[in-house]
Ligand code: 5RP
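The data below hold one chain only, encoded as structure tokens and taken in the form predicted on its own.
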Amino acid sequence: MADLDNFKVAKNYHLEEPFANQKGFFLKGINSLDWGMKKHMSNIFNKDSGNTVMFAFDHGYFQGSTSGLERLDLLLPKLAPYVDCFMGTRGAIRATLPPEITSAVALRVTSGSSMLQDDLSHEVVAVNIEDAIRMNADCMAVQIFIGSQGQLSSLDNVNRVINDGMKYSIPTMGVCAVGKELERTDKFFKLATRIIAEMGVQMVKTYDCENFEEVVAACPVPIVVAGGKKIPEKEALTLAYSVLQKGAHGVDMGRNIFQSQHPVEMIQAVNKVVHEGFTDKEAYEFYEDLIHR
């Protein structure tokens, strides 16, 4: 057919080209937003490195008393000097995170089934914008299940949160969930992260994968990478270093911190990678030195 002549089929991510619409602000995709949005994003991301160290401790909302998170009141203050942004539920934040800690807050605003259910994808918006404002949240975190049974309700959730957030200049973080029936391929993450970004979130949390640099390039807002399941400390630091080299703007480590035998030392090593340019090898040597002092 004549109308298909010279049709471009292959994708070109222009990996060698920096993000274009970034003049006037240090984060991709945020340049055209208002002062309040930029202020919250500056609270989450370090302006010098352009990156963030997040600590996720929201696992209890579907897993209960998770190993390593039994005493948040004891753990969180110890980690605070090395954490840019704490990600948790309003109950855990209010009860266990001292308000004098100045780290940013990513408030989980969706909730759903517990681990007793087979399908976790049917979540609801459980926290309204007024409570997010009362908690001085720097962003609202919404779990989004692309390709799962709950995809439509997930997209409805995130759009409602985005709309409320835009009224009051509070960013939304879209958390890319992967159903157990889905493969963690670059094809999936390219689709999922782009859909989430197109909805209007100001940042996306997702996972590492093959060709991750292409996932980052195709997503027009900052990507933060989840640490995922507990792996050896050396491997977790390699993960952090690798995704930053491929364009991620930080990591959100949960289990790889709170299930470590040395969580405070581990978060310090992650911080060195994210903000000071340590390689994974250098960061692991730093970690080993700390635990053997």
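Residue positions are given as counts along the sequence shown, with the first one as 1. Quantities reported herein were computed from a predicted structural model and do not represent experimental measurements.
Just so it is clear, the following notes concern the form predicted in complex with this ligand, a form of the same protein that is not shown.
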Residue 228 near this ligand in the predicted bound form, any heavy atom under 4.5 Å? yes
I'd like to know if residue 250 sits close to this ligand in the predicted bound form, meaning any non-hydrogen atom pair within 4.5 angstroms. no
Are any of the heavy atoms in residue 188 no more than 4.5 Å from a heavy atom of this ligand in the predicted bound form? no
Would you please decide whether residue 28 lies within 4.5 angstroms of this ligand in the predicted bound form, comparing each non-hydrogen atom pair? no
Given the stretches 124-132, 202-210, 152-160, 78-86, which is the single one in contact with this ligand in the predicted bound form, using a heavy atom cutoff of 4.5 Å? 202-210
In the predicted bound form, the residue from 105, 146, 219, 175 that sits within 4.5 Å of this ligand by heavy atoms: 175
Counting only non-hydrogen atoms and a 4.5 Å cut-off, give the residues of 52-67 close to this ligand in the predicted bound form. 56, 58, 59, 61
